[in-house]
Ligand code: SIN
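Encoded as structure tokens, the following chain is the form predicted on its own, with no partner shown.
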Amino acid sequence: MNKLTIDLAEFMQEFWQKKPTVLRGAYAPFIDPITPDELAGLATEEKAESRLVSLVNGKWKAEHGPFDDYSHLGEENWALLVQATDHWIKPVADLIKPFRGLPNWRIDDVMISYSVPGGGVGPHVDQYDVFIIQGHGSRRWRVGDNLGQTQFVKTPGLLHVDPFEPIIDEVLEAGDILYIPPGFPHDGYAVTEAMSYSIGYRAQNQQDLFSSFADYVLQEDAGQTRYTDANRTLTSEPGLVSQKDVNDLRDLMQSLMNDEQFFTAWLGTQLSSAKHELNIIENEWELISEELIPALEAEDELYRLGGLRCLYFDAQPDVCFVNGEKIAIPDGGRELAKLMCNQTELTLEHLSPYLDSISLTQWICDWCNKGYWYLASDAEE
């Protein structure tokens, strides 16, 4: 199993959202969790988000999948990229495990890139943190300083920035990691046939958050409190909106966000919603508690669906949020809910404190019947 060999706490203090760096051998020895052929197979699926980026005769081209033929591309200057591969392939999802010291709500997905020599996507800027793990082969990366470069459309579906002076110019080999904070321009191309695994961390902007909050207010038919001014005095300047009026209207709006229960209810649904399609496969038959316990006793495990977001809040101890849904926690199940939100694999040892309760055992089965968790033995079939 691949294992992270750096001190993540020290890394966070020195580099996180501060400066890019190359972490030599940080994930070495590295074993690719997927082959190029398997990645190409995933790119044939309608639900998988894939792109082909190529550079032919000095011209960039970006195409969106699904794809079933690559024979026209040649042996140089193209790359296949597939988003959210952790949603579909458990060994890919396992790449995130060493980074779970960062909160789950910040994790976006694992994007995999397969490139032939010269293949890449050109100089660009991302507005999120990313760990790029080098798999099979080698890739040269150039990273520039964060100088507020302007993005432009190089070709439909492909944003670029102007050429930049690199502060990092390195060739990555298997097991090396390149960390890039938001805003730092970068450009990578394969030296040999290469696989790269990008673990991205999303950060919503104010526009996205306010838009989502407004939608939730309308959905819940909330925000009906009106402005009042019982202590209003007459004015000699009727055209003036006084500073007190401004403050009162702002307070009226903020009072809804200051409602801890309402705000966290919205935030839980917003942060737990998947950005990419999930590979939810509901059971053909319902798993019941009488079947769960024998399966766990037979050294089976429960695996959480790749990409599933499971969150909880101190302010709402009786609910958790899963895939955009607010779920009530049964009596006595708070610690179980935390366990299921914090862990991606559960064994009998993890669950045994809760299996004496019929309601909690059935609650675990309910998660399985929704396709959110599954038995390891089912994955092997």
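Residue numbers run from 1 along the displayed sequence. The structure displayed is predicted, hence computed values, not measured ones.
There is another form of this protein, the form predicted together with the named molecule, and it is not shown here; the text below is about that form.
Colleague: Just one of 243-251, 110-118, 262-270, 159-167 has heavy atoms within 4.5 Å of the named molecule in the model of the complex; which?
Modeller: So the stretch in question is 110-118.
Colleague: Within 4.5 Å of the named molecule in the model of the complex, heavy atoms considered, which of D126, E301, E277, D145?
Modeller: Checking each option against the named molecule in the model of the complex, the one that comes within 4.5 Å is D126.
Colleague: Which listed residue (A84, L95, L81, L296) meets the criterion of a heavy atom within 4.5 Å of the named molecule in the model of the complex?
Modeller: It is L81 that has a heavy atom within 4.5 Å of the partner.
Colleague: Is it the case that L172, even though its partner is missing from this view, gets within 4.5 Å of the named molecule in the model of the complex, heavy atoms only?
Modeller: L172: no contact with the named molecule in the model of the complex.
Colleague: Decide whether L292 counts as a contact residue for the named molecule in the model of the complex under a heavy atom distance cut-off of 4.5 Å.
Modeller: No, no contact at 4.5 Å.
Colleague: With the cut-off set at 4.5 Å between non-hydrogen atoms, does I132 touch the named molecule in the model of the complex?
Modeller: Looking in the model of the complex, residue contacts with the named molecule include I132, since a heavy atom lies within 4.5 Å.
Colleague: Even though the named molecule is not shown here, does Y179 get within 4.5 Å of it in the model of the complex, heavy atoms only?
Modeller: Flag for Y179 set to no.
Colleague: May I ask you to list the residues of 131-165 that have any heavy atom within 4.5 angstroms of the named molecule in the model of the complex, in sequence order?
Modeller: Contacting residues: I132, R139, W141.
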